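A single chain, nothing else alongside it, follows as structure tokens in the form predicted on its own.
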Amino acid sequence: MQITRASEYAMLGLLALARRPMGEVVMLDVVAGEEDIPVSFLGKIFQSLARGKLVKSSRGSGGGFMLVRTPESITALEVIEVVEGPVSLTRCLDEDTGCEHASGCALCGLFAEAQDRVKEVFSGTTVAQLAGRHIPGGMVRNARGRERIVFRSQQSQAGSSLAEKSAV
């Protein structure tokens, strides 16, 4: 199983909305810029998120997107399944196709256990938790474009002078 770029961008878009007060409407190009995501691709992804009732769109002047629910109530699993569909590590576990060996196959049992653990991790992680430890991609890109970053730190506890240290 591989999570696609669409799910990754969906999560990043929701993180951008989660950084704002609940109910604030944000234009798509602002979200795309903050997270360094192509606007056209993000637009298609947000249409899926709107159909999945995770975001709401508003048109016209001052239009954009906003979260429908609090970031604490939206899990990573929900986001992935809205964008990708049900998580299935292998065709054995796909509800639609099923597996002719499922009743006595040791591999099906192993795959099912692995899938359950993956779902457990994703369902136990919320947008709010991720937002608390995420640095927007646009900020990272802008920081990389600088020639040097200057840090100021005290040389001693005696409190003499401040020194500048350059880091590349």
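A residue's number is simply how far along the shown sequence it sits, counting from 1. Not measured: the values here are computed from a predicted model.
FYI, the form predicted together with the DNA isn't displayed, but the following is about it.
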With a cut-off of 4.5 Å between heavy atoms, is residue 27 one of the residues that contacts the DNA in the predicted bound form? yes
Touches the DNA in the predicted bound form: residue 133 (any heavy atom, 4.5 Å): no
Heavy atom of residue 109 within 4.5 Å of the DNA in the predicted bound form: no
4.5 Å heavy atom contact, residue 38 to the DNA in the predicted bound form: yes
Assert contact residue (the DNA, in the predicted bound form, non-hydrogen atom within 4.5 Å, options 115, 123, 129, 57) equals 57
Even though the chain is shown alone, can you say which residues of 53-67 have a heavy atom within 4.5 Å of the DNA in the predicted bound form? 57, 58, 59, 60, 61, 62, 63, 64, 65
